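Here's a solo chain for you in structure tokens, the form predicted alone.
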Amino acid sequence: MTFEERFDWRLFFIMLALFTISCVAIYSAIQTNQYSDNYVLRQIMWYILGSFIIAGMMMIEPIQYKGLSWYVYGAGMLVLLALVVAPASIAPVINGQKSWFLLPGIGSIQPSEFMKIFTILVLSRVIVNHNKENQFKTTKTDFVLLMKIMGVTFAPIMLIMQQPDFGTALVYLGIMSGLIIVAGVTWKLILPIYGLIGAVGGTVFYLVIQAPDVLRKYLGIQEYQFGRIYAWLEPYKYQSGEGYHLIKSLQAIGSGMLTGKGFGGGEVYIPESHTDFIFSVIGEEFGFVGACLVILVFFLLIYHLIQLAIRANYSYSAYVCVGVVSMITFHVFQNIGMTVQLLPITGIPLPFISYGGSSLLANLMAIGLAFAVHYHQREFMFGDNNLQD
């Protein structure tokens, strides 16, 4: 097969559409004169760098990623550990979080973003190897697999919570949940465990609203830590503090109405609108129609990746694609949800559209894995290629 036949042109054009939307939205966001840097040019540079990364990753076969998975995962864990103990001179606390390394000449790097990709690679390997070793499944073997998956996932989460970065930790849980569903774990285990998690979460949420003194007394939670929940439920009551961003986001999206105010016509001031609240800019300037078009592009991306997972004749590739789908889907739902008050604000960017070096590069690495799966896809005369697994 030629390069043109092996290359994933559909994914390429979807990414081209997201790149165009990103540049247009960021250009419009920086017209508020709150920024001195040209973030559009920076975003283009990150995309160019990401394109080279994708090109390199596409040349590597999925079976090689499987062999490298534990090595990159271990390296990522060491970097996260180093971030926890690093001095403030190279790992400063920014907005209450110690999540970035400052590298001279490069800028800030957020290791937890790249660790998502490494975690997907290892989880996929763990699932494939376990299912190969336990072809006759029982509740006991499924429980062992579940513990393996949770162990791999919670190891980086524990280090990330030391920063602390609750939003990023939630993304890891989203990845884990997606892979557990497709890993073949019996629902006799999934339902009780997630039911218990839901019950505990619901109880904590109830106590936050109705009896915060209980959490203060027994868990030592401070008043400011309740801020984002309270501001999410009653933003206008906290409009001078935690609720400010949400109120401005709702005003921007609401004022855009059906077709928006037009390119560059944004009037609502939203701090840092080029990052976490880029969807608010799109909603204000291009209205409901523009916002729906953006969601449609994400739907096409997720649908294409799901189809890629279904067609994969190497089970490791399929699980990798599912992990990427889980990560992107969680990002999209959480970011858009928080801008319209459906979910609390967590600081999770909109994939491929929000400005951000580490986040964008990590997401492009995930797309590089998808390109690699498609590029090395093979057709076999007698069905699946079980030898690779």
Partner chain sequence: MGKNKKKKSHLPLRMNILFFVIFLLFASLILQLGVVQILYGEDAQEEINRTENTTIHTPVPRGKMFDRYGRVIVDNEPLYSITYTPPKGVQPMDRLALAEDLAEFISMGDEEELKKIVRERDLKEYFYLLNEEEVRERVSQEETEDLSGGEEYQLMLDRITEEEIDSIPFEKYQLIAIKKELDQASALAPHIIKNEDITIEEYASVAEHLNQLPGINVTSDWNRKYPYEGTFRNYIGSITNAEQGIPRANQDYYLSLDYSRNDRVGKSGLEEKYESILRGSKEKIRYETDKRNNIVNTEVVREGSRGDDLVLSIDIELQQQVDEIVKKRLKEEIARQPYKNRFLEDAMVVMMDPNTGEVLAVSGMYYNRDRESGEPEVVDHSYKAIQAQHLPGSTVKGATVLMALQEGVMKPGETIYDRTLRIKGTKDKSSYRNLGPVSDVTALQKSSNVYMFLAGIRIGGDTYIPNEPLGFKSGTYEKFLYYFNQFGLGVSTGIDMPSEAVGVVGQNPGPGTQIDLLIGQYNSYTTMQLAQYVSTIANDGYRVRPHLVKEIREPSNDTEQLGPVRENINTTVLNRIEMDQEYIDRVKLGFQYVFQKQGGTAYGSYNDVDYSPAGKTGTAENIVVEEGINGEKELIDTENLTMVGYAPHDNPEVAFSVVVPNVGKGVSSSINKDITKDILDAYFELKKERSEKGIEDVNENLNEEEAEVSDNYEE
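Residue numbers count along the first chain shown, from 1. Because the structure is a prediction, the values reported are computed rather than measured.
The discussion below concerns the form predicted together with the partner chain, not included here.
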All of Val182, Ile302 and Ala318 with a heavy atom within 4.5 Å of the partner chain in the model of the complex: yes
Would Trp70 sit within 4.5 Å of the partner chain in the model of the complex, counting heavy atoms only? no
Would you please decide whether Leu191 lies within 4.5 angstroms of the partner chain in the model of the complex, comparing each non-hydrogen atom pair? no
Would Phe277 show up as a contact with the partner chain in the model of the complex if we use heavy atoms at 4.5 Å? no
Can any non-hydrogen atom of Phe333 be found within 4.5 angstroms of the partner chain in the model of the complex? yes
Looking at 110-118, 244-252, 151-159, 79-87, which lies within 4.5 angstroms of the partner chain in the model of the complex, counting heavy atoms? 244-252
Quick one: of Ala169, Ala91, Leu146, Val268, which gets a non-hydrogen atom within 4.5 angstroms of the partner chain in the model of the complex? Val268
If the cut-off is 4.5 angstroms on heavy atoms, which of these, Ile229, Ala291, Val126, Leu207, is the one near the partner chain in the model of the complex? Ala291
Going through 139-162 from first to last, which residues have a non-hydrogen atom within 4.5 Å of the partner chain in the model of the complex? none
